[in-house]
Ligand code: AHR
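Let's start with one chain on its own, the form predicted on its own, as structure tokens.
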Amino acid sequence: MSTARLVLDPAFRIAPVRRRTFGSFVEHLGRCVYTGIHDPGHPSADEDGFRGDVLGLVRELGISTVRYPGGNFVSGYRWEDGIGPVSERPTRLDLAWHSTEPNTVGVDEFMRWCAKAGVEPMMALNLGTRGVAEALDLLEYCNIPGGSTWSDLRRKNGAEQPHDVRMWCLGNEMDGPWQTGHKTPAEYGRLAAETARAMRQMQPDLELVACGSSSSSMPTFGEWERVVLTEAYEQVDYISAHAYYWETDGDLASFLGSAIDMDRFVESVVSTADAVRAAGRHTKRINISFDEWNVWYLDGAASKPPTDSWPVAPVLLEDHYSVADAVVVGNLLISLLRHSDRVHAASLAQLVNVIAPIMTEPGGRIWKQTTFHPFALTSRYAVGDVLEVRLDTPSHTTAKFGDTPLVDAVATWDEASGAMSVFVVNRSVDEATSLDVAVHGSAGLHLVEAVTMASEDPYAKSTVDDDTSLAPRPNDTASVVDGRLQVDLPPVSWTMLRLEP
């Protein structure tokens, strides 16, 4: 068995753990909203029609923020359709997902759901078919206490207090030809800057996210960020990043190395943003909102919207995830955490049913996908500061990434309690690896928990009938010997180790 060595020291910190790293995404897409978070006929539904069992799992998952209402959906969305008496709301055709939107759930319902779930709302604006005026109207409706047309209408609609949305996305994936109203970087950059400037005239302290590239494979990647930020640098706080990963052609080894691509993506965007900062002689730094990321089998049948009808809440993007998918999700979280100095927010896309950790049956059962577990445990135990780890690991060769480290890891340390958490993956497809961890500068730590997610069949999946068999299990190989933590990592595995004084 090969050995990887990890050195940790609380003196070397990257940045605080950002709670917004553990955000998610609810779009009017497929069954995410209707029969997902909202299912009035369900036995657990509350007075607003929200499923109580879903709310329970959202809290267990540890979600901090939720981005809404899209996604591609937002670029054709008229937010006014979703306010006021439900019986009077119009029905619209959604071009993005070839579906019918009944507008049963809108801004006020979503805000009530956020309060019940204990999450922060993150609103996306339509800059595809709409612009500055409509953005200001929505901001006024959400955030102004009263005394104006839109704020008074919110109060009339039952929300006496402002929704106080702090974080706003200035459109969605405006670089993509699939996006309704997509634009060139110069066109979008100017619109984003003007929208942001006007919004700050109403509320100067908002946090605003400009659209970055919808993936690092876009032909305009890099140049898009440069042009957009050259136009809008002083008006925005973040640039977005979106990335999805999936296994192709049976190449599991490359798939398990997906976080390498995420690392490169983040580092490239940071470099571009800092180059614009230098060229423009700006003093502040632009950080990243990685507000769409996940495993998504884009080439699967589940990702193709209907073409011959306009159904309400069709079954779309309902990928069923394996242990290998969960290991990749855990590794992508490792990447996001180690870039906490510049990645200040992230959103797992999406939350329920649509490429999601939580699945529901309409009116029926609920279950956890494999990807639920590494996210929930990382959200719960990544506390304090992210440490700068030193990792010496064997490697193997993959078709996509060449020489690829077998082991990847990140650690966090909570100064208040002295607790330390280590999150680690073994990317080998067929060999176990031993991990040796040396902790400097924090004497007396002892092991309180070691759990590993792995399976003899890396393609094993949870189901509605059994969503517990593949959950992380105690790793009995973990021990502290002569002050060093040692543990064996099975192939295709994700592991969490917790140490306390």
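As the structure is a prediction and not an experimental result, all values here were calculated from the model. Residue positions are given as counts along the sequence shown, with the first one as 1.
Just so you know, the form predicted in complex with alpha-L-arabinofuranose (AHR) exists too; it's not on screen, but the next bit is about it.
Residues 97, 244 and 317 are all found to lie within 4.5 Å of alpha-L-arabinofuranose (AHR) in the predicted complex, as judged by heavy atom distances. Residues within 4.5 angstroms of alpha-L-arabinofuranose (AHR) in the predicted complex, judged by any non-hydrogen atom, belong to 347-355 and to none of the other stretches in 369-377, 221-229, 412-420, 347-355. Taking the partner from the other structure, alpha-L-arabinofuranose (AHR) in the predicted complex has no heavy atom within 4.5 Å of any heavy atom of residue 325. Mapping the unseen interface onto this chain, residue 296 counts among the residues with a heavy atom inside 4.5 Å of alpha-L-arabinofuranose (AHR) in the predicted complex.
Proximity of residue 37 to alpha-L-arabinofuranose (AHR) in the predicted complex: non-hydrogen atoms within 4.5 Å are absent; the residue sits far from the partner. Taking the partner from the other structure, alpha-L-arabinofuranose (AHR) in the predicted complex has a heavy atom within 4.5 Å of a heavy atom of residue 29.
Here is the short version: of 82, 71, 121, 128, the single residue with a heavy atom within 4.5 Å of alpha-L-arabinofuranose (AHR) in the predicted complex is 71. The single contact residue among 426, 172, 289, 213, judged by any heavy atom lying within 4.5 Å of alpha-L-arabinofuranose (AHR) in the predicted complex, is 172.
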